[in-house]
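Starting off, we have a lone chain in the form predicted alone, written out as structure tokens.
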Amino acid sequence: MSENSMYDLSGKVAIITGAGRARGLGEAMAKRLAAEGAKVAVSDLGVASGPHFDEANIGTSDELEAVAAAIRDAGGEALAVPCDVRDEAQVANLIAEAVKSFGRVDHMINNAGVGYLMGPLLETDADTWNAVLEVNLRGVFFGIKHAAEQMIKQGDGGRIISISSQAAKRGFKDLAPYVSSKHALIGLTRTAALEFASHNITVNAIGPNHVTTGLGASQNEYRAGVLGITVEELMANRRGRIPLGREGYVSDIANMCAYLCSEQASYVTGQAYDVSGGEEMH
């Protein structure tokens, strides 16, 4: 645990999917939980897998190991495990590898997601729809299911957190599969919270507004092109819609994640938290 930590997660073990990209949400959450004293297992796809999952849009095994190495270099404990969250057997193996290395699982952070496949609904084919839903919803379902099984076996509760989006609460043009998956994720979160409450497992979701990660940068370029403006003009317009006057940072999401993993959030479950500078308020 670092000198600047706010929550003591010493002795806890966290798994973070979609954590293999530099400057991404997953990396930020993994480093924050490690700074709070947690042992972390970071995961990402590892290798390209077809046209929708090329190396430009995934965390490679080398990138994933670099995230884990940075945590270890900072004095933390970290394990890198490639995992395709669309494959239930691989998700089960991810949980098993964390248990094998660290003895247990206390926090499951379902962060892996696809937000870079954009286009008008009438031009969206079934393969694109499936690619988004299989990661953003099917993959989260597997993560919740297998993490909860392990936490129930341990018998002393746990925390499950899924990264949603402000797109869980409003529509966005050219993002039909993404918006649909994130709306559904909230229903999954609420149902899991009800089913696992008796085991002292809390289940919550975090909904960021736009954060300019590597994925966010490609979204910026796409949206600016559609609107016929520069990326700088696009970002200025976005800031103008946010009451707090700035875009979101990866640290904003990592801070909320750390809180929900802490004992201070022990009475919080079934919630979909907007972390959006006031852009979303419901």
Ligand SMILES: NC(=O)c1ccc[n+]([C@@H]2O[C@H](COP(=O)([O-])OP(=O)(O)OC[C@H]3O[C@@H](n4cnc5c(N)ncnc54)[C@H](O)[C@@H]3O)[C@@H](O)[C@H]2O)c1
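Throughout, we count residues from 1 along the sequence that is shown. What you are looking at is a predicted structure, and each value in this text was computed from that prediction instead of being measured.
Missing here is the form predicted in complex with the ligand; even so, the following discussion is about that form.
Novice: Which of these stretches, 65 to 73, 33 to 41, 222 to 230, 52 to 60, has heavy atoms within 4.5 Å of the ligand in the predicted complex?
Specialist: Of the options given, it is 52 to 60.
Novice: With heavy atoms only and a cut-off of 4.5 Å, decide whether Asn209 touches the ligand in the predicted complex.
Specialist: Yes, contact at 4.5 Å.
Novice: Looking at the partner-bound form in the predicted complex, is Arg104 within 4.5 Å of the ligand by any heavy atom?
Specialist: No, no contact at 4.5 Å.
Novice: If we define contact as a non-hydrogen atom of the residue within 4.5 angstroms of the partner, is Gly143 a contact of the ligand in the predicted complex?
Specialist: Contact with the ligand, no.
Novice: Evaluate Val114 for contact with the ligand in the predicted complex, applying a 4.5 angstroms cut-off between non-hydrogen atoms, and reply yes or no.
Specialist: Because a heavy atom of Val114 falls inside 4.5 Å of the ligand in the predicted complex, the answer is yes.
Novice: Any chance Arg138, Lys169 and Thr269 all have a heavy atom within 4.5 Å of the ligand in the predicted complex?
Specialist: Not a single listed residue reaches the ligand in the predicted complex, so no.
Novice: Let me know the one among Arg86, His183, His199, Arg190 whose heavy atoms come within 4.5 Å of the ligand in the predicted complex, would you?
Specialist: When the ligand is considered in the predicted complex, the option within 4.5 Å is Arg86.
Novice: Could you run down 155 to 180 and flag each residue that has a heavy atom within 4.5 Å of the ligand in the predicted complex?
Specialist: Ile163, Ser164, Ser165, Tyr178 sit within 4.5 Å of the partner.
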